[in-house]
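One chain comes next, on its own, written as structure tokens: the form predicted alone.
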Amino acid sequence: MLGNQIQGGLGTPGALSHAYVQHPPLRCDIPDIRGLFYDDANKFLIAPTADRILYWKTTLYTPSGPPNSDPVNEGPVLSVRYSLDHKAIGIQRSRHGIEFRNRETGETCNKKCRADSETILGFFWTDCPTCDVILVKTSGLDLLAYEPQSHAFHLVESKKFNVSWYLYTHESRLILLASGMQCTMFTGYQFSAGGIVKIPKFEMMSKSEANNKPVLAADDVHIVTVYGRIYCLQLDRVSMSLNLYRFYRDAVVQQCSLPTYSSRIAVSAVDNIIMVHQIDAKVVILYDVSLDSYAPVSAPLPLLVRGLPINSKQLSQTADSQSSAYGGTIYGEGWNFLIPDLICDAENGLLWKLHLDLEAIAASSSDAPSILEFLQRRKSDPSMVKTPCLAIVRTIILERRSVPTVAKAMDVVLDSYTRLMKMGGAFPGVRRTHEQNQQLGSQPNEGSHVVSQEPSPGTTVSPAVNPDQASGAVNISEQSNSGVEHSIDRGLLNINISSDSADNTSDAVDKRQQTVGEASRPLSSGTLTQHGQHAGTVAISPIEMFQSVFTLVEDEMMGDPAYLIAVIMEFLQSVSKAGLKAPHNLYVMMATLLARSNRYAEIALFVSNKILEPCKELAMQLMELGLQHPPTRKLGMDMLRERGLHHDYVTAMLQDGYYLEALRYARKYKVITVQPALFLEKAVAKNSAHNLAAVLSFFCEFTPSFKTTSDFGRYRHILSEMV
């Protein structure tokens, strides 16, 4: 299996890549295992031995952790799946029988099919209320209910039709069953907690095309869930493209075609990005279906293995010689891609997890607004999203890009935060509507139809959640033709989740729904994954923009305050347009920059027009700036009074020497928080016995306890001396 000597290689400095796998991988190179299987519903990597089932929880992803195990009877193993409550194990022993084992009691029961007329292609557990296990046979589907007490199964329903192969993902709860001479006709069902939904029959190739194209294989079709929406990707080996189909309740829409530039590919889905792996060229192409264009996100680049030790000798080696540095071969024959983001190296007993290098993707583009939009749609690692977003905004300001470009970039950031606020701080990109929650409530049409639709400009797919989709059984010694299964994380299915970032494209989506039928509703996985709890931190608030952008660039732009003023003006307009509140300290910064440029008239104009919102911080700054420009100080004084900040207004009047006016104001508004000594000191400084007597009389009347203080005795003595 895997060699013990790990050499450096792919993680060399300067290696350019937008996707990578992190070393060390999860190791499952245990002697005498009889294959590797992936249970997508429970996220288990399973390795059967002669008398045990070993499994690792891939969600924990502890590279050196020991496996869990269950005893089983000896015999062949074609596939393994644990029940959703982990109380039972299903083991397909042959093309005609499945053994179910109770983990607590060890009791077993077997389900067999008629060996003379049908074979079992596979099976899976479901959270559907009417059944627990779905048997997929060449003659159709058997829906079984499981009774844990008696460890027995009884048939709920049989659905009869010919099946050549099938595809299933647990996150979508969607099964596609291929039939026909060229396996281009598909029947689909969604088995979810809300019940069973039949997908209309559809054909992936029209009859006029089918005669010129090879038989459609299971390896050529993938179910992926991106932005909370279910898609089917079909590889057209002749045109070297991926046909992307979107599922609706009464139709299946061919949405677009993604060029693959190769007929030998694999597909992954990472953080709502579709990865197309060119196996021969050993590069990755990234697609974001939410973009206006279906062009690749970036140029094809190699897949990187990070975390390997490095030595100087290997820095000069070629990529091919480094590809085996970890003990295997990049894109080797033993690599099996488990949708969405896992790679099983069956030859070496390793499991890799795919990642996006967001910083590298951001660095590869000079279009700041576009890359910010891209980053704000990513949810898997919020810390790796927010930091580069703030850095991009800082950089374009320091580079003095055109003000409209900077304004557009700031609009992108604020739009993302606004969507978060509209949902009350919920998961950005996920909005529940009554219409969407009812989407699975009506009966679907059972007619066979596919609507082929070219994407119109501005048509995007809105972000929602980053699904954890995965692929089915991988056998080291033998790969069964029983169906290629792709699956994902367990979650709520009958709740369609649509992204709020589709606001700018909702019209296009609505038009598409009208095309396929007024009653059409898009199918959606609706699965909230572990990323949901962090997703709120992706959005950048106006306060964070001030703290991490404007305060950091202010000192570096002292020589050109006019440009920074223009940028802040655009930001304030964006904040106002989004219905948000700007940080008060930003108004202070704006006033300071204007005063530094001797633009006091504009300060007065912005204050009067409420561009600079009245607040205590701004008022205090205006009074400080007004030491060099009295009208500006008066603006600050007026702002304090208008805002009802009576204590600060009285204090400011005292500082300016207007202590009698301050007394009258204090009497009128009952300001009792200012110390009497401040007024008395001002009266003494004027050397006016009359004024000092008036101040003493005022506080004796206004504050009865004043007569008991030391200040009363002291200033009464001073008054007697003055008289």
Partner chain sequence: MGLSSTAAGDGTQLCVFDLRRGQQEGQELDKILFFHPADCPILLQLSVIGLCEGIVTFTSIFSPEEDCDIIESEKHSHVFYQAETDIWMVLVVEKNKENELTWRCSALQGILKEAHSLFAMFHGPIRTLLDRQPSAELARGHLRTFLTDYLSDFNVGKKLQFPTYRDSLKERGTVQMLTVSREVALDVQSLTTVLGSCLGNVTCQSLVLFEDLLVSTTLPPDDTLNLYTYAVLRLTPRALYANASSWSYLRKGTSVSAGPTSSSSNGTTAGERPLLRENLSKGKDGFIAADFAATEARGAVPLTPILWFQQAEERMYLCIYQHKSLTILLLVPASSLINGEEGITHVKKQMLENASQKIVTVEQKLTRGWGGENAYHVSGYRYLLVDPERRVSRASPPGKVTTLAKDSLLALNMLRQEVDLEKSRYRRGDPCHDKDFEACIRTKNNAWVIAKISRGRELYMALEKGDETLLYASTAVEKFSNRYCEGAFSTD
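As the structure is a prediction and not an experimental result, all values here were calculated from the model. Numbering follows the first chain given and starts at 1. Rigid core (definition): largest C-alpha set, two forms, superposition within 1.5 Å.
What comes next is about the form predicted in complex with its partner chain, which is not displayed.
Stretch 664-672 is the contacting one of 688-696, 664-672, 66-74, 41-49, since its residues have non-hydrogen atoms within 4.5 Å of its partner chain in the predicted bound form.
Although the partner is absent here, Gly644 is not a contact residue: none of its heavy atoms lies within 4.5 angstroms of its partner chain in the predicted bound form.
Using a 4.5 angstroms threshold between heavy atoms, Met384 stays clear of its partner chain in the predicted bound form. Interface residue remark: Asp32 is not counted as part of the site for its partner chain in the predicted bound form, having no heavy atom within 4.5 Å. Its partner chain in the predicted bound form comes within 4.5 Å of a heavy atom belonging to Phe606. Checked against its partner chain in the predicted bound form, the candidates Gln628, Asn162, Ser293, Gln573 yield a single residue with a heavy atom inside 4.5 Å, and that residue is Gln573. Tyr587 is the sole member of Trp125, Tyr587, Phe191, Tyr287 with a non-hydrogen atom lying within 4.5 angstroms of its partner chain in the predicted bound form.
Using a 4.5 angstroms heavy atom cutoff to its partner chain in the predicted bound form, none of Trp56, His86 and Ile89 count as contacting. With contact defined as any non-hydrogen atom lying within 4.5 angstroms of its partner chain in the predicted bound form, the contacting residues in 609-645 are Asn609, Lys610, Ile611, Glu613, Pro631, Lys634, Met637, Asp638, Arg641, Glu642, given in sequence order.
Relative to the superposed rigid core, the position of the CA of Arg34 differs between this form and the one not shown by less than 2 Å. In the core-superposed comparison between this form and the one not shown, the C-alpha atom of Lys682 has shifted by at least 2 angstroms. For Leu654, the Cα coordinates differ by 2 angstroms or more between this form and the one not shown after the core has been superposed.
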